[in-house]
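Below you'll find only one chain, the form predicted alone, shown as structure tokens.
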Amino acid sequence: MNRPTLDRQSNADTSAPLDLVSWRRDVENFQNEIAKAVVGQERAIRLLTIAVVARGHVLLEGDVGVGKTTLLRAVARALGGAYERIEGTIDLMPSDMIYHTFLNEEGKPRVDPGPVLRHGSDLSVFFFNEINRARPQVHSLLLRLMAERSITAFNREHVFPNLLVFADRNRIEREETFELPAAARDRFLMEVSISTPTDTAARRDLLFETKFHDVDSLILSLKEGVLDHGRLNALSRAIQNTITVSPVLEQYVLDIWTAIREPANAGISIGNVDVTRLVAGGASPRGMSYLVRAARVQAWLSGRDMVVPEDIRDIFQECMAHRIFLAPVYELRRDEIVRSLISAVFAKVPAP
């Protein structure tokens, strides 16, 4: 059986040329609509917008109660389509994502579709809360869903052409958690940090503006379907085929890739780190291609028809940090070391 690919079109896609200028205005309206529900998260909204247009999944990082769920509900509302959420728990099984069984009013067993199948091909945003609390078996099913936008259930294949998967990870509590395998982390286009706003006005709004205290009403107040989620696959293809990357910039990206994977050979040094055995793996070809994919969207949103070095550098941390796997001795200092490594690579590799 032929598997659907990441770029499989939905039935709503058409072969008619897209007006990219008009679409850019729609995407700007999409960002503005989300900003009505989430304050102090301008960069996160921008990054999620890039991911939505690039058709990439996103892993969210942040403390409890910083607005991750509100942000994703706002994204789902502005996209239209269906939204589903599931909680990661130690006893969650793969079947719980596909169906659930119960006794009906007549005392007879019944099987109903679970969160993945409930809305069929209209599923647009699937949010996996505290993904690291789920067992590896669940991660395996999610990996199939992310990689192919399809699953096999009830003796047939179910396809979700417009699906984006968002997940967040509990980084505070370590009991009964399972770290995501490298293959699963590499399937996320970005890892985006959501932190408490530092701007005084935003903090005041969150505490004292009553509209932010009723999330359900807040989400319902947003305009629904600002973007046509059924045509975003076509938009993404048009952007990738329209925004150019010069040969000079291609070489720049290749040089960065080499330096990240082989920092010692690139002459990079980091304090109290043996760079000769620092990088255990990662920065895969898939990861680098996702970076270029996102950079093209970044250039398009900025009104340019070609990618410049700033497009690569601006989103590099979110696109690549979670794909760089360190030797175990350095994992406890991961965030600090990876950030230092990326900064050192940018300093060492000359931009065109």
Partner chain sequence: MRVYWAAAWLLFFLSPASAAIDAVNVYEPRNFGYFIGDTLERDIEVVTSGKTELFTAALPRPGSLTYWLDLVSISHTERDEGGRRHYDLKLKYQIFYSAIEATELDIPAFPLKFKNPASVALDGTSPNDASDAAAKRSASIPAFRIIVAPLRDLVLVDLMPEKTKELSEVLRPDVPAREIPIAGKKQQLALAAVVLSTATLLLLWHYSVWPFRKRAGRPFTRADRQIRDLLAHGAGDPSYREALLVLHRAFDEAAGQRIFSNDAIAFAEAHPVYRGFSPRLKAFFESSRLYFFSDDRSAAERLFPVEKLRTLASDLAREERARA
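Positions refer to the first chain, counted from 1. Please read all numbers here as calculations on a predicted model, not as lab measurements.
Omitted from view is the form predicted in complex with the partner chain, to which the following refers.
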Open item on the list: I need to confirm a contact call. Of Tyr252, Phe160, Phe127, Phe188, which residue comes within 4.5 Å of the partner chain in the model of the complex, counting heavy atoms only?
Closed with: Tyr252
Task: Phe30, Thr69 and Ile194 each touching the partner chain in the model of the complex (heavy atom, 4.5 Å) - done: no
Open item on the list: If contact means a heavy atom within 4.5 Å, which one of 298-306, 317-325, 280-288, 43-51 is the stretch that engages the partner chain in the model of the complex?
Closed with: 298-306
Open item on the list: Is Asp63 part of the interface with the partner chain in the model of the complex - any heavy atom within 4.5 Å?
Closed with: no
Task: in the model of the complex, Asp26 touching the partner chain (heavy atom, 4.5 Å) - done: no
Open item on the list: I'd like to know whether Asn241 contacts the partner chain in the model of the complex, with contact meaning heavy atoms within 4.5 angstroms.
Closed with: no
- [ ] Indicate whether Lys36 is a 4.5 Å heavy atom neighbour of the partner chain in the model of the complex.
- [x] no
Open item on the list: Given a 4.5 Å distance limit between heavy atoms, list every residue of 337-352 close to the partner chain in the model of the complex, or none if there are none.
Closed with: Phe346, Ala347, Lys348, Val349, Pro350, Ala351, Pro352
